[in-house]
Ligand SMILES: Nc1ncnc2c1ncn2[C@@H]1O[C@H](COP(=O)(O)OP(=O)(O)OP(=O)(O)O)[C@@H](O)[C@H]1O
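In structure tokens, one chain follows: the form predicted alone.
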Amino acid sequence: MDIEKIKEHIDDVLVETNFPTLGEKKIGKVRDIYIAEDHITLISTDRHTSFDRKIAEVPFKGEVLNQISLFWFDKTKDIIQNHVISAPDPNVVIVKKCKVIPIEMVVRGYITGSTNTSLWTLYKDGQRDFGNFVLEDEIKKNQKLDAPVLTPTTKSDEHDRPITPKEIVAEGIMAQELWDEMADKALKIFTRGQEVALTKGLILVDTKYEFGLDENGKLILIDEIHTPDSSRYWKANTYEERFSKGEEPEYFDKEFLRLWFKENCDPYKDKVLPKAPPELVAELSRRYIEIYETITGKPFKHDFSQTTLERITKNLAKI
């Protein structure tokens, strides 16, 4: 979809939903969550968050994220069962209820990042032992690791904290046997993701997974998988040359909108934020669509005959 078409529909965004018959409503950063007795309905909106707050609404974002997750859930269902029951609408997925495991499984295939907790920052500052793996000296930024590594964190509404497998078991979060299974599945899903991504010209750099236990106590993959919001992708065909020159890889960049807010306000302290420039929002939408088309190999098709909310309402009424 070209950027002019996106600009025409810049205001056709799904900001929030209200479907009381679906169950108890909870609001996540991007998704509206409806909890019924035996299932959960997840509706992906077009909300775009940063600085722990909403900064924009990006056309088609919810649709893209939901469809990418469904693509990857299908590609990995032979490795582990997932929570998907059905997808009655491009923005909607109905999923199984389960007991959520309060650990995010962060898997990294490369050493990179710029935040205080990123693998590269910790390594650059001298850390070599990460609890369940030890890195050698002389590794460069953005280098591929000998094998993917796990850097789990606690799952919290405030701030996630890094935690080692030994601490996870010692703190009684889960038994060693469950950790071993979860670690094994996470690495296998990531390996599959890297293999499929490479056929699309992409490197899956790192990602995070969430797991739960179903009604029989069996491990199940939940939440989202390999979306551009939960994963880092680089372009494969230029990686080696850029790495050898010490240049940053080509990547799917959402940072430009975040930087605009940092330059034009204090997004952590200002009560009211300025409105995001429509041209930047349209460009971000275009990039989401581009990565959807690259990953799935399908053209992005959106029904322009009605609003997203109208379409969702009609599709949910058919259930």
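Remember, predicted model here, so these are calculated numbers, not experimental data. Position 1 is the first residue in the sequence shown; the rest follow in order.
Another form exists, predicted in complex with the ligand; not displayed. Remarks below refer to it.
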Applying a 4.5 Å heavy atom distance criterion, does residue 33 contact the ligand in the model of the complex?
yes
Is residue 223 one of the residues lying within 4.5 Å of the ligand in the model of the complex, judged by heavy atom distances?
yes
Check whether residue 278 has any heavy atom within 4.5 Å of a heavy atom of the ligand in the model of the complex, and answer yes or no.
no
Though only this chain appears here, would residue 28 touch the ligand in the model of the complex if you measure heavy atom gaps against 4.5 Å?
yes
One stretch from 39 to 47, 64 to 72, 287 to 295, 267 to 275 that, in the model of the complex, holds residues within 4.5 Å of the ligand by heavy atom
39 to 47
Just to be sure I understand the contacts: of 174, 202, 95, 150, which is the one whose heavy atoms reach within 4.5 angstroms of the ligand in the model of the complex?
95
Go through 236, 139, 219, 100 and name the one with a heavy atom inside 4.5 Å of the ligand in the model of the complex.
100
Taking 232, 254 and 283 as the candidate spot, are all three within 4.5 angstroms of the ligand in the model of the complex by heavy atoms?
no
